[in-house]
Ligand code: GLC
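Taking the form predicted alone, here's one chain by itself in structure tokens.
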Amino acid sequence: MFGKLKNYQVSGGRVTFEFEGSDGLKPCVEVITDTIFNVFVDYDGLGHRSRAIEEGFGEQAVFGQLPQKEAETEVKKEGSAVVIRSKKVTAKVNDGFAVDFYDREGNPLSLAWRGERKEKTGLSERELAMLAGEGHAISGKTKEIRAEERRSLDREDCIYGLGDKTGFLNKRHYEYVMWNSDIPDPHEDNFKSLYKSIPFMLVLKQKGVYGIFFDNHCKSFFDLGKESEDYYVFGAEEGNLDYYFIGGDSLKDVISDYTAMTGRAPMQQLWTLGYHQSRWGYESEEKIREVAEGLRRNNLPCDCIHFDIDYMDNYKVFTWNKETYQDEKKVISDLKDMGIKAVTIIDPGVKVEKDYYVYEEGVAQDFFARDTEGDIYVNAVWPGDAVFPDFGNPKVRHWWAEKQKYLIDLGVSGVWNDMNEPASFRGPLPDDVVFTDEDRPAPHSQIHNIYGHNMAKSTYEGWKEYAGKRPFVITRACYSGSQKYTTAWTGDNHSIWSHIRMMIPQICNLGMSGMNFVGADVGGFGSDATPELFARWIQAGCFMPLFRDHCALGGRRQEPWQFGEEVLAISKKYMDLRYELLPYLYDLMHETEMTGIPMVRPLVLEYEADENVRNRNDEFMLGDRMLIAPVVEQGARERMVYLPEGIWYDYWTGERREGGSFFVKEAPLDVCPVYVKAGAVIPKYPVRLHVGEDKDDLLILEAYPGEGTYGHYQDNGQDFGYRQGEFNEYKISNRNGEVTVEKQHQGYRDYGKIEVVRRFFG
């Protein structure tokens, strides 16, 4: 729609353009930082309406304003193009609003695609009817795409990110739809949507790297080279063309910049890194006590039991079932005495019922979404007829935040937000259901992808205010920036081998998309786990940020002792290892808040120049010094392992290996291959049954042959005092087994004892 460039105006780092045939639209390119450029076309005429960028660059932004930093900018005309330069990135704006990006040396990073789109082969009405009659899903875009961008692809480009999408690590050659979706069928590679919409992608080139964040929370589409090898396309049915180009020297730089804009995942309480036990089907006080006693009887560490929808009175949120719980407060207190905390599920759907206080309050204050006739919109979820809080309204978020006090006063330690796509049982919510977008009415089509985000924000703010500790919130649905408020899990997976395989790239891409504290249901939620599958899953799951065993009502129970003595012993081995690694995991969580770099990383994030890791789907890094290569194939007792450059040590045997090569590793059922980089120091705690069980306040430093330095972090693991300096930081140096510890910051009590263990020295 944009023709020849007619004119441009410069205001600071913002350049506004006039084109022939633009119908009054004045697209702009703005330099946000030396590495971040915003490309914006205001189709709605409302300016930036970001729900992801709220605290960008560490400063509280006024609603609707884009937070900025000063960046040196040079703008000049060169031929027919307008050239915009920062210190590190150059943008050239050409006729047709074709924007090309280059690095500081002038090498092309991302060029606009100037050719025509490749037309997909159409189907006749008869052919469509035949396919539909056979039960085939017919894909296709339901509306005209208004805000669209086409950009060139090089043959070697790899694409990562996009949140929890199914399939493999490298998203090249696939297409996706950003539309939060509750799909109970087993998720496979061809799924275009899942629970989360995170429209942020990273492109690793043969030379160079960049990111694209398409900040449009309406229904959007990404075709990443499926339509053509030569270009990728993204766009949305509604909203603006509003994307951020992020340059950088590495994938880590791009992630760090993206999370500086959208927010970084804050430190969680230390106990959240422990083991979590859950099941839909713990429907009574007796069942919950039975599970807690089973954990302790089998000497299994655990810090949390999750209460699924069974605990509620007829599935009404912020109630408790008095028929199955004599005294819910005492149950929660008794669990705490065992070192086990309670986390309760909360869905957004509020039961339609006279005299039910949550429903009555919401109706009285006009807090529920309405249909186009002005009536409160009713669909169905677990309690039957239900209505949906309008979380886009700040008053509703404040009300919902106050409701968290009910759980806090009972002694609950965290909230698990589910069904918040929002899911519904009588068909999806129509696109025209009326919600609020902060300060104006907005249809469901514009709110859907941020519904879970706003619910998480409300929940987080309530727990922060009323509990006085770092809030532990889990969500199923979210949008970019939700990491400021919530952790997440990958949703309703199944007890099938393809899902343990998919867990690795899924969690790696979530981490690179800003969502750091994530996990997949160990053992699988739906279907029935076999003993072998559960054993392999708990081995891999123990290295994920959120370590939760969860399964569905009607399927096989999945507490570790349900699979026999061999699997119980394997489970204990890896659950104990998880608790040993708590200080290492906590250090990584602190690193995420400081830098945005996730705890769990694909190998390509650490070794992006190594072409052998660009499509490595079955290994991952825990931090930058531990490599995990789980067994994810049924019946396998060995597997191929690839180690990147450097020297590595087998965690279990001490075998020394040169990197840069493939080899076959024997892996009997009780072995998950783990390798540690030479010179590493891994901080550990003694094994304990729960985080609060103090084992003489001992820190163990495991040192490996070689040389290296390590930064260790320590605080009280509960509140926000660390942001006022209440923490210790240590610099730990390893010179081939000679370990020195130097205090870098003093703001918390010291360890009772620090013990050095030299591993695998001759």
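From a predicted model like this one, the values you see are computed outputs, not experimental measurements. A residue's number is simply how far along the shown sequence it sits, counting from 1.
Missing here is the form predicted in complex with this ligand; even so, the following discussion is about that form.
Even though this ligand is not shown here, does His499 get within 4.5 Å of it in the model of the complex, heavy atoms only?
Answer no; every heavy atom of His499 is more than 4.5 Å from this ligand in the model of the complex.
Give a yes/no on whether Asp650 approaches this ligand to within 4.5 Å in the model of the complex, heavy atoms considered.
Taking the distances in the model of the complex, the answer for Asp650 is no, it never comes within 4.5 Å of this ligand.
Counting only non-hydrogen atoms and a 4.5 angstroms cut-off, does Asp418 reach this ligand in the model of the complex?
Yes, Asp418 lies within 4.5 Å of this ligand in the model of the complex.
Is the gap between Ile309 and this ligand in the model of the complex 4.5 Å or less for some heavy atom pair?
Because a heavy atom of Ile309 falls inside 4.5 Å of this ligand in the model of the complex, the answer is yes.
If the cut-off is 4.5 angstroms on heavy atoms, which of these, Arg601, His550, Arg536, His448, is the one near this ligand in the model of the complex?
Filtering the options by heavy-atom distance leaves His550.
To verify the annotation, which of these, Tyr586, Tyr485, Trp489, Tyr232, has a non-hydrogen atom within 4.5 Å of this ligand in the model of the complex?
Going through each option in turn, the one that passes is Trp489.
Of the listed stretches (619-627, 393-401, 151-159, 418-426), which one has a non-hydrogen atom within 4.5 Å of this ligand in the model of the complex?
Contact-bearing stretch, as computed: 418-426.
So which bits of 217-245 sit within 4.5 Å of this ligand in the model of the complex, heavy atoms only?
Residues within 4.5 Å: none in this stretch.
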